[in-house]
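First, one chain by itself: the form predicted alone, in structure tokens.
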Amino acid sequence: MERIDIEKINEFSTILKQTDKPIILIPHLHPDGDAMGSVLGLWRVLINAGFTARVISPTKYPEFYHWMDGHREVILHSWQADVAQKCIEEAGLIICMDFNEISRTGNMKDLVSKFPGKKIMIDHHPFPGDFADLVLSDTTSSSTAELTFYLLKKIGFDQYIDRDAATSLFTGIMTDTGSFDYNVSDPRTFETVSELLAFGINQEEIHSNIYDNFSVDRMRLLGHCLTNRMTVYPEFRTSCMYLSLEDQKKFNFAPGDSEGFVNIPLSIKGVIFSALFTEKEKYVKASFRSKGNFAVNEFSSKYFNGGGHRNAAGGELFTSLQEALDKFEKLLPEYQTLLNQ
């Protein structure tokens, strides 16, 4: 079965080939490995195909993705707003990747919404919004990077994929599946990985660049979080952790330092639901992970203004950290039967 309607794929091909102005690629706010892997992979392909392409990120992203091809070309709107605006004004097409709501562009929202040219969305999250002229959405894909590879093949642009592009796309798939631990029930994911490996990428080096590249402060923060900030609720098969602003200051917190923390409690025997609450200046960020059929995207959407995938989701609350923790704890009895099935 086709992942995307063939008419949409043909429209994607036509829009690309008719674009004679620069193409802007935009990941979501605070981009993760899939977002950066997708935009940098597509960026390299477009450059190889003879297009002028630029990546504009709403905010900075973790240093352990800075080794990727094209990193030095990325424009950060949070630091270079004037440069980003000028690039968008000169562009003929915007491709939004790994997000499905325009609010996920942060302070770039007005720039994107008012852009007079075509806008394309490439994403794998459920419930896509309608801000783009063309929506290429497939929730069966493990990642936006996997979907991007599929689309490139369908429009004949796989001829422009090189080792650098394949490395970026593999990075997106690897990070959004937790090193192939979840979101990998579709055999096509491994078929995609097999094809990417054929480009000569070094998967061991990619894994090391990301997961063996943390600071001492980050490791100590993890120890602190597990020892002093984790509560396990055996009766609900649930774990909850939190990081306060004070914690982050004490351990010199940098973007990406808590990436993966929420997954760790799932290795505790019996735990199938894990939550991490991170205090920000004006809100509390919530991250949720689960095993099996417990749909954290529905839980997040209903109570924490968020969404995502069945087993990996996030949200936010404009409350105090303690209020967020209290709310989470009070909700657990409501889900006791489901969590214990």
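Here the structure is a predicted model, which is why all the values come from computation and not from measurement. Numbers follow the displayed sequence, beginning with 1.
Separately, the form predicted in complex with guanosine-5'-monophosphate (5GP) exists; it is not shown, and the next lines address it.
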Has each of P31, H66 and N209 got a heavy atom lying within 4.5 angstroms of guanosine-5'-monophosphate (5GP) in the model of the complex? no
Given a 4.5 Å cut-off on heavy atoms, tell me which of 303-311, 66-74, 53-61, 38-46 is the interface stretch with guanosine-5'-monophosphate (5GP) in the model of the complex. 303-311
In the model of the complex, is there a heavy atom of guanosine-5'-monophosphate (5GP) that lies within 4.5 Å of any heavy atom of S287, even though the partner is absent here? yes
Would E101 count as touching guanosine-5'-monophosphate (5GP) in the model of the complex under a 4.5 Å heavy atom rule? yes
4.5 angstroms heavy atom contact with guanosine-5'-monophosphate (5GP) in the model of the complex for H125: yes
If we define contact as a non-hydrogen atom of the residue within 4.5 angstroms of the partner, is E316 a contact of guanosine-5'-monophosphate (5GP) in the model of the complex? yes
